[in-house]
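Listed next as structure tokens: two forms of one protein chain, kept apart as structure 1 and structure 2.
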Structure 1
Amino acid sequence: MSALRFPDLPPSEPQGADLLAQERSKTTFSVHDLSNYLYGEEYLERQEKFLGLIENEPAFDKSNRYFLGRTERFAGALKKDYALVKLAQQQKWTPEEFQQADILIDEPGPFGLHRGMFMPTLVSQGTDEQHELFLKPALRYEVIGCYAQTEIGHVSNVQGIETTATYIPETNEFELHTPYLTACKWWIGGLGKAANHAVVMARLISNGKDYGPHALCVPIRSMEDHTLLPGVMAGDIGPKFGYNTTDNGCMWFDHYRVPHISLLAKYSSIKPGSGEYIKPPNSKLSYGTMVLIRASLVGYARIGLAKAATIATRYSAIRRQFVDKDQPKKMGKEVIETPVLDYSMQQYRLFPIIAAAYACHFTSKEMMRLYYLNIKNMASGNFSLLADVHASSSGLKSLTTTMAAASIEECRRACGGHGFSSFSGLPLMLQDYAPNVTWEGDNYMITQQTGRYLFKSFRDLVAKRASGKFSASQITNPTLAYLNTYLDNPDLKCPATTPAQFHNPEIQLAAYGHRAAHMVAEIVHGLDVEKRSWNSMLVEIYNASVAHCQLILVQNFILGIRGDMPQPEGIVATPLSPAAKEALTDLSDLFALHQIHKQPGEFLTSGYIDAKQVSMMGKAIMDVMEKKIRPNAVGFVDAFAFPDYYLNSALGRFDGKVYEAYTEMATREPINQTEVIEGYEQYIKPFTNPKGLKGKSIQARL
């Protein structure tokens, strides 16, 4: 029997292409200008060039991505990673260029952690000799590495790891050992099948003393034939919610000896022979990398938000449901069913996500600027920025990845039933995005780091103010500024008396600042005066971190549009056209006000906002969504400049031909390759035609 062929019918009128064209004709700004402002022209030109190299190359083909089982997908990812490295070598890509191509292909693979964690760890913690030995062959992919930190019984808590690395003075070696099942390395990306080396975090033991977790770089598979080396057992940890194209692996050591050079020794080391431990000079230095990773996750959150919003917004302009009797929609003279994007609920669900994508864009840019500034400062011994940047990056990692994961799911549901189809692109996106809320610091856990910094800043500020020697000019960062404003007047009330006044950014910032400071003050009171335990206040601490970071997002959005945001050294900002500036200001208003309106509790209990103002804010939001953002919605997502190859979505296509693409994809479903399913004879026929009747008679009975 042959494969099914679905009929070649057109959709009923109006066509998706015409609806999107109508949307695009209403956009009040140049999409091209806004894209340039976001990415810069060079980036966009390179995207075009890379698409040309990638899109039609079989190793990077996405057309079967949604159909394959895990085994086939992993095999494909290995092939893809190989081809990508070959292409990068041939094209002489910089790491930034590599990353841009990698984003377009959009599939985590077995070599990802080699680049993302293994090599960066060698760079930051290895000596020159170790760079020669490990990093150079790693750059050529001769050494392929993974970063083996987490253990099955100790996923988020590095201090709790049980794997040991015991120094053996007699042979000047370390002996790696897995004493318990709970010490088995687990979740290690690239370890399952691909890596031949691992950076292993193990408790360093010398002369009977335990110095806690340290990193060693060790071979795990034979360079000759890729078999496991004696003393090492490793494999894949099995299927996961997402990320199934990566071989997250597990590893046990059985008294596995490695040479002294394995211990990454830039900061701390063991003296050969004596086994004496040499302490790291400054533990703060390692915070820098953590800030970089967390800041870059804010950028990835931006991509997740923007990608999901692109698909859901374009499809919501095409998908029609019911006729809105108060405001019937017309196409020419005909009344058509109302596009779901015209319904206020759909706007309330989607537009804040578009706004959040832009908010994260500006904050991610600012975090990267601060990261590089801090690195430069630290190199000259100035650690003044570190605490604030570290605290913000932790809280922002938590907040923005939580927002992005929730928003991808919201966009999936906002596509109605079709968001459940893999062909929408949203299920796999959600699944592959999901680990972001857990890795690099669990999103609940790491907000304690933000909290600690906020409480310390508050206590210091209160003490300084009480000392009588304080002047506002001493304030060195935005955190202290909003805490100080609050302390000046904890009973401040919002002066707005009309919905329109909430468009004033000063009022928005005051509301967020007052709320965050009030929460910090309450927690410090709970800890210091009521003597409540830290554990009993974890919920409040989490909420305070969210409040602090929402303020940062609002702030950077406002500055980002104004053009007031400081630029990285040597970078001249592309100017934003007045029309785009006006449109982005609407989004910024929505971003600031929607969060207050949706969850007004803390703004109300902080005393700054009252119930009447929340209700006014609701009207301000509905108004800006319907009149200002609605006409620009498709323009805003078009400006993200995601090519169809990247989106890989029937619903999110630029040309609006959603149903044509959707049904075409279904014809490629493997079980559609025969008309009658394979199990028919065994599992259906015994019920439906047990006697094996033939001919017309049997059909005629019905």
Structure 2
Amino acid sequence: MSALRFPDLPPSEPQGADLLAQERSKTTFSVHDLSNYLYGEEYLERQEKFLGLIENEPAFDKSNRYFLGRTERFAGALKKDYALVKLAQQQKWTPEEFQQADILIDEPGPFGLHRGMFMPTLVSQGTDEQHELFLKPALRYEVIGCYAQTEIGHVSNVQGIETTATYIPETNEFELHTPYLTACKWWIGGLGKAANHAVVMARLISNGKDYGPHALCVPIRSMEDHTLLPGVMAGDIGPKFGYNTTDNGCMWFDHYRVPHISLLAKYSSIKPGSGEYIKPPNSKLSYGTMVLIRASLVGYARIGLAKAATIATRYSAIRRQFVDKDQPKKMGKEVIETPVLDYSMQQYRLFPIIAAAYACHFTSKEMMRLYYLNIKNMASGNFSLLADVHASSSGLKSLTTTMAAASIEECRRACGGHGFSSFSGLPLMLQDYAPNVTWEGDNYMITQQTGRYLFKSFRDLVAKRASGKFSASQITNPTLAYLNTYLDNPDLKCPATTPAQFHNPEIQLAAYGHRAAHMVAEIVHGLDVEKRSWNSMLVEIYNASVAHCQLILVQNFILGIRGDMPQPEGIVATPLSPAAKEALTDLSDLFALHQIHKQPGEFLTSGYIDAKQVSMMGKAIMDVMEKKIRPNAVGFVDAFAFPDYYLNSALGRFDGKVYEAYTEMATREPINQTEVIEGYEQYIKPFTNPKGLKGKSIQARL
């Protein structure tokens, strides 16, 4: 029993439950219908079923998560991953069902990269024979793998990795070797202690020629007792800012031989004996796993945004500060302190984050549709989508994960001092989300890939227009469409003359398209005409990628609400109710206008809008937040359908019992389990009572 006990008293009136009930009564749409639109009825029903299974399993208990150190947390994560796999096998879950349960448990684990990167790489780059040898055992967790690409000296620059895989024709083997300290594999999730196999990215060398990075699937630990195999050294890299329940590891090879079958050979291979290199039909085919992960990260950004916004919005509706003398808040006939959510500054901080979460929902669905469509096309030799999907996934990964990381921190700050407490759920969320801005390509580096695609598209379009054989009706690619619109009229001006006109989606799309195209045109001019170096324009290139991807987010948000988004084959979209459609349109307006109002410089220099119009946008933003979004704020976050078990937050509880949950969590703090702290006799008593006085002699000093 805890030595810390709180009086059996309620919080002062009004109660949190009553405040949230009042908020929910103002919602203009059906929360259940919007949740159903976002996820589908089947997903929501599964969630309820999974909660019944998960909450009753000790391995998935979250009650002590905030009190544990790294060693205890890793041990718990290993137990959790084992229990989750066993449960999935018993329940015969599909991969989608497994992922849904894993999201609810919400803790990175040592098997995460086995599912997230090791197996997808085998699927996309392995032959049928390799699927039999590696993938099928991996699906049964007999093989547990990791994805060893990053090196201590090379992270984003995959082409610069130094680990070598040299073909030995005499034995038909590859020899893996680490020639420099900088070639040691580093940051590899699951490698530290859990994995017994690894997909290793290494420089393929045959007959003295270096063919660049290729993937090999190799054993690294004994299948008998899990000891490292001769020629392999590996271990954990130590504590990190976050993600400490995953054993990120390091590894080096000392002339380690593996059989010919280890080279993943779906697209490229080495002929046994001769060492002849068979090149892939397209040099970017090996990007498959990378594109999948980057596209998936847009969806996880949506989850991060939504989770943080749910906690901060509910808490802001309950937390009261000061009385607004101009517009006093009432509960019944009683004047109460103003809920923080009523302050316009809090709305300006939180409501765009809610809007961003919904924006990412539509774009993440579209990115996954395009990814699977591209996979299908490539299987039949059609690579037309590959460049666009790769470029978009790179830029969107950068933009959305940057947005999410910044927004989680903003939500933490918006909760005031209590946001600094682990019990809010926000500090650990930020720590575990932070790696997203770096892995799968540093967010500032990978935007160059988006930039190269944009500049090539622009140059090709200019050349086609100049050829006299071009027709705008031939354009089906949305990137070429907005670039062509700009080239038709680079001096286009925004026609809006009142704040209300900025709610017109066509004006919003025109503003984003004109700005992005103007930036691309300026960079191409700098590179091609002014002969500026690529390095000297990296800031502009990054900003152009952001502009392009913000346009994608705005465009998909608008199309999604209209019901004009393309759907995956065989899928029929759930229709939006008129009330939900109107409410989401308000969020779409806020998302589009807030980005312009927050950073107007590029929109102004593009010439499409002027300073007076930016000022009008500010009025339009405040108007839509106060009159349209404020009544629906709690309804919007409720529609994300996050159960309390998932949130694990005292501040974000659905029932509004914030202070009751907060104080109860404090009683579980391990150092509160005794009234007098261990160490009192050694470190405190020598100062406060060095003579060991007892009773009245001590009290008399007071």
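Structure 1 provides the reference sequence; residues are numbered from 1 along it. By rigid core we mean the largest C-alpha set that fits within 1.5 Å across both forms. Just so you know, these numbers come straight off a predicted model, no measurement behind them.
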Which of the two structures shown, 1 or 2, corresponds to the form predicted in complex with a further copy of the same chain?
-> 1
When the two forms are laid on each other by their rigid core, does P427 show a Cα shift of 2 Å or more between structure 1 and structure 2?
-> no
C-alpha of K193 off by 2 Å or more between structure 1 and structure 2 on rigid core | no
Determine, after fitting the two forms on their core, whether M331 shows a C-alpha shift of 2 Å or more between structure 1 and structure 2.
-> no
Cα of G381, core superposed, displaced between structure 1 and structure 2 by (Å) 2.4
